[in-house]
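Form predicted on its own, single chain, as structure tokens, below.
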Amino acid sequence: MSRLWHWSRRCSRIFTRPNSSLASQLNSVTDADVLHFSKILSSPSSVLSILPSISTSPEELDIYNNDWMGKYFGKSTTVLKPKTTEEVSQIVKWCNDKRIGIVPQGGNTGLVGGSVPLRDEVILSLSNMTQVRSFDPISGILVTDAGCILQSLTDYVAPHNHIMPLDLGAKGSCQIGGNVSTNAGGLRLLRYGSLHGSVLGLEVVLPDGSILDQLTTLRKDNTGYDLKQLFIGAEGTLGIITGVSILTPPAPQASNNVILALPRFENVLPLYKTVKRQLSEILSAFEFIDRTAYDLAVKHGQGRALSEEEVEGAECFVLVETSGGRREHDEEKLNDLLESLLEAEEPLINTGVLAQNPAQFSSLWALREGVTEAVSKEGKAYKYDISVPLSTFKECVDLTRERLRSKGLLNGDQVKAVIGYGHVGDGNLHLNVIAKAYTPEIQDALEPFVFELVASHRGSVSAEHGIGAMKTHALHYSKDETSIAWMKKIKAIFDPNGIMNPGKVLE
């Protein structure tokens, strides 16, 4: 493990430079600290530590120390799993007094190393905080502990004819606190907007251990600064979210989807314009998948939406979802759309398949959501989650592929494939480079090339995954000096000792 960890430091760049002077002044957890934590926490199983006072096996800490991609490896000796906000408060106060770094951790499903330690910080897992505090079926306002799994909350509100305003491929393991901390986007952003709008209130344990109670259920509250917004997307660097108040929209009475095969990428934008015009208020998702990503998903058993004859000649695919109030009305709109697309003098699509039942509806989404899993089965992924103009999606993928080819890296022994997929509705491209292994040569070929490419289009180096440990050195490609300076000032005000998720977001 130690050999892999040191190699990862060398490969991932973020580990090769000190993240801040404060981070280097933090202290390691001692046996005395562990004994104190044991007194705070109500259950013996809430403390995991390889230190002598507990003697947990190191293997038990691996799922907390390491990210699921096998790219980031931490060296934490201790994992704490509080059950209440008060327990979190006492832990944080102790760590602040003792200058011990803390890494808040939800489902550990992130893609930028934001939820694993860079050194030996204590990991504070929210996985035991799983209570739904209240739900108002009239307003649709849900108040919940931060450790609740997104799918569990989806299941909780479903009998009340509501849905969660976000949907992610990792919904079976990601937690709502982590979703808010990273300002997760996902598949429903086109319809329901970002968490900056749907989150009504937060309960946050601040770095000194005090509890900021802004867990309001009010839709309108114009009394002073809206402090909760600072913690949405802060990735646990300003405090630990322990409670969330969120507006859940009414469940659509009818949902359907269709997958479309396009002969060339240039058709995506005019298709999006046409779909928006014809489907109007019932359009809820417009997802782009390039041919390589589609083939990869099919190869690794994520479903086959179209026959081999139907995909022949297709350069990319689009998945369109509708969510409305009356099935007959929505199906008529979708059928009219397909008919107009196929009968056009210069068709934008080769073919399309409309889901005929709930099973087909799920299978079409399984193909899109399964791309991430297919990538992980194919190899080690360099994931770039970027916002760029829609017209440049293909250009970004093609230029990255050519960059790797020019460096002699695009072959089966090093880089296997370069793919693009994402959310056309909000300009978010997932640019994935699939390699046989993580190597410095591939890393150096990709960075800063990809970030410079994004900056040339005035885009964002992080559309929805966050900055984490992966992109601290790239923040300046999307934020100017004044913005970064004020971010650092805010961090210093909230966390003067630098204990909260050190080395993440800011260098």
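Residue indices: 1-based, along the sequence shown. These numbers were taken from a predicted model, which means no experiment stands behind them.
We do not show the form predicted in complex with a small molecule, though everything after this point is about it.
- In short, of 264 to 272, 329 to 337, 173 to 181, 394 to 402 it is 173 to 181 that has heavy atoms within 4.5 Å of the small molecule in the model of the complex.
- Residue contact with the small molecule in the model of the complex: Pro82 places no heavy atom within 4.5 Å of it.
- At a distance threshold of 4.5 angstroms between non-hydrogen atoms, Arg191 is out of contact with the small molecule in the model of the complex.
- At a distance threshold of 4.5 angstroms between non-hydrogen atoms, Ser255 is out of contact with the small molecule in the model of the complex.
- When the small molecule is considered in the model of the complex, His423 lines it closely, a heavy atom lying within 4.5 Å.
- Proximity to the small molecule in the model of the complex, defined as a heavy atom within 4.5 Å, holds among Cys316, Leu296, Leu126, Val388 only for Leu126.
- Put simply, of Tyr64, Tyr438, Trp68, Tyr477 only one has a heavy atom within 4.5 Å of the small molecule in the model of the complex, and it is Trp68.
- For the marked spot (Glu87, Thr130 and Thr248), a heavy atom within 4.5 Å of the small molecule in the model of the complex is absent from each of the three residues.
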